[in-house]
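Only one chain is shown below, in structure tokens, and it's the form predicted alone.
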């Protein structure tokens, strides 16, 4: 029988309290939501409650609304996270390499992340408004941004990027501190250009930090609710999966169908997390082999 290394046992002991607390807090709601999803349970007709098995899941997965909202969610997630990664890298390098006023630069960059999401969404909703906003005047356009699906999704993604890029930059800046300065100086002495040092040294060393940043932001972006609710409320076919769950549970008071939507969102989040964790483990293993 293969013996478990001591560092692995220590790691499990260290995370055991946090894992136990999370199981207590999250396991019961998830299990109860799954149980409710197996029933026809509409609060408007409580007398019609009945066990129907997986019929709610079949109804959700057979609905065009679910697949359209899932597509919207993926567009928002991929679009916002990709832009945030590029901008976050630029801001992280700026904060890390600032020669003067480093604290001021970091504080100024992190301000958007400190603003409440609802406030940020309202601010950009008014900014893109064709009558009261400044965006049309600045660009010389007469565009009603939130009345069409494409432009509305653009505004939502823009708001998410503006709000959460500082968070991505903060995580990436922490990853930049892992890059040894001596290694960069040695590469410079050997004649490596700035681009070569970035792609051959900085990026490989930062892989774990990049994957962690992408994991956090992807999970957060996939569960987007506030920005969509404030700016469009799901109109113009801009519903996210969380908005669909809200309308089903809160507006229509259908606990069975709404719980099925919630469980499916949870399953999607778990799949995304597992993919990133697997990628993180592979990157970490490669990093150890290279060392």
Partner chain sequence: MRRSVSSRPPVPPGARAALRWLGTALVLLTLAGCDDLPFPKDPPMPEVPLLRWYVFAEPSGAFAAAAERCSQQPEETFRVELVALPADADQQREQLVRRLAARDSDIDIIGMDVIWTPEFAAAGWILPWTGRLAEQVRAGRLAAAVQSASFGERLWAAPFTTNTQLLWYRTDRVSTPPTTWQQMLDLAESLGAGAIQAQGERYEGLTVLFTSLLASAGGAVLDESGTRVALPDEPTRTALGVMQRLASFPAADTSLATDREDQARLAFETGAPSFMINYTYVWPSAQRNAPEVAANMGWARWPAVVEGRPSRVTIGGINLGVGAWSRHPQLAFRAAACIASEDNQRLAAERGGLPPTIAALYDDARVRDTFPFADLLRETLQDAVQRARSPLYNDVSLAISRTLHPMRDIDPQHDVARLRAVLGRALRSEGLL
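It should be emphasised that the depicted structure is a prediction, and the values quoted were computed from it without experimental measurement. Positions refer to the first chain, counted from 1. Rigid core here is just the name for the largest C-alpha set that superposes within 1.5 Å across the two forms.
Separately, the form predicted in complex with the partner chain exists; it is not shown, and the next lines address it.
- The partner chain is not shown here, and in the predicted bound form it never comes within 4.5 Å of any heavy atom of residue 223.
- Remark: residue 49 does not count among the residues lining the partner chain in the predicted bound form, judged by a heavy atom distance of 4.5 Å or less.
- Remark: residue 27 does not count among the residues lining the partner chain in the predicted bound form, judged by a heavy atom distance of 4.5 Å or less.
- Put simply, residue 38 is far from the partner chain in the predicted bound form: not one heavy atom of it is within 4.5 Å.
- Screening 21, 10, 274, 267 for any heavy atom within 4.5 Å of the partner chain in the predicted bound form leaves a single hit, 10.
- The partner is absent here, but in the predicted bound form a heavy atom of 144, alone among 178, 144, 86, 183, sits within 4.5 Å of the partner chain.
- Taking a 4.5 Å heavy atom cutoff to the partner chain in the predicted bound form, the contacting residues in 21-56 are 42, 43, 44, 45.
- Residue 16 shows a C-alpha shift of 2 Å or greater between the shown form and the other one [criterion: core-superposed Cα displacement of 2 Å].
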